[in-house]
Each structure stands twice: as structure tokens, then as C-alpha cells.
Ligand SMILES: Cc1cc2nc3c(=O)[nH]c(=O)nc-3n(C[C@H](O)[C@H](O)[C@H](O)COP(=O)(O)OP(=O)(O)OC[C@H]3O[C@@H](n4cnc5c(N)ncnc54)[C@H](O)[C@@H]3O)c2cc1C
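One chain comes next, on its own, written as C-alpha cells: the form predicted alone.
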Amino acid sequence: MVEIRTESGETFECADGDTILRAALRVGHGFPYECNVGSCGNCRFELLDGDVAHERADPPAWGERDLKRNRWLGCQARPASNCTIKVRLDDHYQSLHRPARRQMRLTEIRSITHDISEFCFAVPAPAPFLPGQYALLYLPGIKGGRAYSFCNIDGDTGTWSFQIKRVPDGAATGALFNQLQAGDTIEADGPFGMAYLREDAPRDILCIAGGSGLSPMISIARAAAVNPALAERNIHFVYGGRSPRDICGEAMLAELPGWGTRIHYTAAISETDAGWIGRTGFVHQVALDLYGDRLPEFEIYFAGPPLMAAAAQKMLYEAKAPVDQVHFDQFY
């Protein structure tokens, strides 16, 4: 256990093997972050005194220029001594449910599409999280955690579930799909993430999801459908895939109260298919076609692969959707 001190005077302890970012979040400090896996760079800090080493040898968001300026990534930095750091803490990043590491047992795997499955784990209850958040899963043979979003809504029941897309030749999803079996136990850390459901927002909800972004958007839609405070809000869900066999989500939404009245689903494929009778095009463009000038009126959540997420962000900016009404976490 070592002590971390910020230039402005805050102090907290960091356990052996933990990172500076996660140690800060565990005690309630608002350390800026987003992806938690070294890809976005939002958790960058300056090391003023002490020694650290990165958990990941080559995080994409860190380079030689950072090293020369003694800047490190909070989500990757493991301290080897007491440290003093320069970082701007922000209450916005404080966790309502402080993250913790826990063991969880795989109870079931449900197939959703040809390459998406839902992995259900039993966790020691209570283990609450906010709809739209994620956890880091530590998988056999894989160094470091991998971020996956929750698809269910109530960790207090002792269940954490994740809808995960198999990545071709992906080491982490290879471990999930090829190695894990019901009864196996892995470690997880969470919850994390800032793209959670805003229960106090006075606007209708728009969820835009592509491929692997299904899980957090389903969690948000499920929570919004049963939350009394949001009973008057319409929920619009737009899901995109490459081909008809990639499309899913409608059956899950159809189980919710309000389906067909205040819950609305649109699917789109990006590749031409003669047998497809729905919309064709990239999911962000379909959302723009559907809602156009109304986009600034929504509370908007989106998730998906990097190119889709970048395109959605650009589209929403150009549509003048207020930035404080747009919620997403950067995953790469």
C-alpha cells in the first residue's frame, strides 16, 4: 500500500497491484477517465514525484512525448512508491457506486446472433451499477482487464450480465467464447463509466447502437422502461449491423412495458441485401434521417465500434445536439 498525493493536496492510498485511477475512484475522488484500458488518454496525469510503471506496455493513448513530459495514464499507472501527481480532479467523475474487485461465477451463456452472446455471472450481492456502465473482466490467459458493458439493470440481485460480440482473432473474446464454461470463476472490477442513464433528464430518450454497442443501450432502455420517473418519456432505439443476420434487440425491447406505445425500434443494415425490407445505411445516418431537426430535443446515448461511434459523435455535433445531452464512453 502506497500513498498518492495530488498537487492540490488530496491524498489516497493505492493497494498493491491497483492503478492510480481506480484507487482514486474507490475512495470517491473524481479522477477524469473514460475507457479505462489505455486507449482514450482522458486519465493522463503528470508525475511530480515517485515511481510508476504502466500495467500495459504499449497503451495506444501514450507515447514518447508523454514520457518526456513525465505524463502517465491513470488507468495503467501502478505506483512503485509514494507519489505526488498533478491532475485536475472533477466531481463529475465521482462514482455513485464505488468500484470494487470481486469474484464472479459464470452461470449461463445465451446466444443472441451468430457472433453476439450474453454472458451471465453470479456476483456477491449487493453489487449495484448504473444502467449504461461497464466492468473490467480479467480472463484466463489475458493480461490486464477488458471493458464490457452491462446489459441488465440490477446488480443488487447478484447478477452481472454482458452482451459481447466475438472479435475475429480477438484474444479476450476468444477466451470468453472458447474457454469459459458455466461454473467457471473469473475476477471483475467495476462499475465504471460516465455514459449512464440520466434519470432526471426531462427529455425523450434516443439510443443509437451498432454491433458491440448493443449491451449498454439495452441496459439503458430496460432501466428507462421501468423507472417511474421516466414513465412519460418515449424511448427510441436505433440499431445497425452489416447484414440481416447481425440485427437483434427488438425481441428484448418487446418484453418491456410500453412496447409499441412509447418504445420504438428501428433496425438498419449497411450492406445491400435483396431480402431486407427495413432501412439501409449506416446507423448514425439512419438516426439523422429519422429524427433530423428533433435531435437536440433528445437525451441521447450511443455505443458501438470506433468508426460508428466517431461518425455518430460528428453527426450529433453537426445536428447541434447539446453536448450535455449526449452520452457515450470511448472504447477501442
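Numbering starts at 1 and follows the sequence shown. Since the model is a prediction, treat every value here as computed from it, not as a measurement.
What follows is about the form predicted in complex with this ligand, which we do not show.
- When contacts are judged by a 4.5 Å heavy atom cut-off, Q330 counts as touching this ligand in the predicted complex.
- When contacts are judged by a 4.5 Å heavy atom cut-off, R102 does not count as touching this ligand in the predicted complex.
- Shown alone here, V37 lies within 4.5 Å of this ligand in the predicted complex, counting heavy atoms only.
- Contact between K143 and this ligand in the predicted complex is found at the 4.5 Å heavy atom cutoff.
- Of the residues L180, L256, A172, I186, just one reaches this ligand in the predicted complex with a heavy atom at 4.5 Å or closer; this is A172.
- This chain is drawn without this ligand; in the predicted complex, the residue among R279, H264, R56, H29 with a heavy atom within 4.5 Å of it is R56.
- Exactly one of the stretches 282-290, 266-274, 63-71, 29-37 approaches this ligand in the predicted complex with heavy atoms within 4.5 Å, and it is 29-37.
- With contact defined as any non-hydrogen atom lying within 4.5 angstroms of this ligand in the predicted complex, S212 is the only contacting residue in 183-213.
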